[in-house]
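Below sits a lone chain in C-alpha cells, taken as the form predicted alone.
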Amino acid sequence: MDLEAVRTAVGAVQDPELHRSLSDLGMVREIEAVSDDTVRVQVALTVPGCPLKDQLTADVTAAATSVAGVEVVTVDFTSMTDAERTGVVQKVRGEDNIREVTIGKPGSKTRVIGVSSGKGGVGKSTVTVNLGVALARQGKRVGIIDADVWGFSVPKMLGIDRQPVVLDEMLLPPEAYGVTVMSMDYFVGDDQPVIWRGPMLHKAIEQFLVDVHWDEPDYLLIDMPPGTGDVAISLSQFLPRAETIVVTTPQPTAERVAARAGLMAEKVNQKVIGVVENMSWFTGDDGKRYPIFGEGGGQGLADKLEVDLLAQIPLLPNLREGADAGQPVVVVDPEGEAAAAFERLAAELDARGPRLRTHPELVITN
C-alpha cells in the first residue's frame, strides 16, 4: 500500500471541534503497515479525554480505507504536550493571540442576532434553538450563546450533555445538529441558582465572546434573558452591530411587554429585524386552528415597532416534547407544521441580509 497516500488522506480529515485538518494541526503522528491490507494510524489528541474520540476514529478510518489496498485500519491515540497545545491555540487564534471581542466587528463575516422578549414564558429559547438548527440545515454555520444566565436551557433543548473542551485559555463549545453552544449550564450544578450582580454577569458574557473559539460562524444567535437588564446592556456594548428579533405570543399583554425589548434595541442602535409570534394557534384533529392565546399580538407588536411579522409558530405537543427530550422539532418532525414555520423563518432571515456588510478583502492603503 502507498503509506504516503494514507498520510495525505488522513491528514485531510478535519478535527470535529477545531474545524482544521489534522495535518494542519500536527495531529497525525505514526502511520505504518501492519500487514498487506492493514494500516496503523496514530493521532495526537489536543486533550487526553477528547469527547469526540469515537467520531475522530470513524473519520480517520474512512479516510484511510479510501486508499487502494487498505482494508483494515487500527487507530490509536496519544496526547499533545503543553507546548504543542499552545502551538495549536496560536495557529487557530493567530500568533498574537489577541483576547478581545472580534466577532461581529468590522471584517467579521458573522451576523449576530439577538432573540429577545419582554418577559419569560413566551418560548424565546425554543425559537432560538429551532431557528439555529433550521439555519444549519440550510447550510449555514451557526453558534448560539445562551445568555439567559438565570434561566439557561439551550444545551438541554439540543441534547448536549458534555462540557466545553479547554485548550489553555480557549474554550471549544460543544456542538449538536450543526450548532455550537456556550451556556452557563456547563458551569453550574443542576439545582444551583446563579446569584450574580451586574459586574459578574458582564464578565461572564465577555468570556463567552472572547475565550470561546467560535471560528467565524455565519450566524451567532444570542438567546437573551427576558427584559432590559444588565445582560442586555452588556451585549449591546460588546456587539453594537447586532440585530434583534423580538418574540411574543398572540396575547395583547405579552405584546405590550415585548415592545420594551424592541424599543431598547432601537435605543442602543441595534436594528430590529422583525417579530416572531409563538404559540399562534393549535391545530386540532379536525384540521381547524384554535387561537388558544388569542390573536393579533404579533402583528400588533410588529406594527408598533414598524417592522415585519416574520413568522407565526403554531403550538404543538411535539414542539414541547422535542425541547424536553433534546430533539428540536425541525429534526424529529421536519415535514410538520412547526418545522415548516422555522424553515421559512430561517430562509426569510437569510434573504434579508445584514444591516451592514463588511468586506475584509478590501484594504485601504496610503
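The structure presented is a predicted model; accordingly, all values stated were derived computationally and were not measured. The numbering used is simple: start at 1 and walk along the sequence shown.
Just so it is clear, the following notes concern the form predicted together with adenosine-5'-diphosphate, a form of the same protein that is not shown.
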Note which of V122, A265, I245, L172 lies within 4.5 Å of adenosine-5'-diphosphate in the predicted complex, where distance is taken over heavy atoms; exactly one does. V122
Would you mind picking the one in V70, L56, L310, L315 that has a heavy atom within 4.5 Å of adenosine-5'-diphosphate in the predicted complex? L315
Going by a heavy atom distance of 4.5 Å, is A323 a contact of adenosine-5'-diphosphate in the predicted complex? yes
Quick one: does A341 come within 4.5 Å of adenosine-5'-diphosphate in the predicted complex, counting heavy atoms only? no
Wondering, does L319 line up within 4.5 Å of adenosine-5'-diphosphate in the predicted complex on heavy atoms? yes
So in the predicted complex, does any heavy atom of M279 sit within 4.5 Å of adenosine-5'-diphosphate? yes
Which of 176-184, 268-276, 125-133, 70-78 lies within 4.5 Å of adenosine-5'-diphosphate in the predicted complex, heavy atoms considered? The stretch 125-133
Partner contacts in the predicted complex for 154-174 (non-hydrogen atom within 4.5 angstroms of adenosine-5'-diphosphate): M157
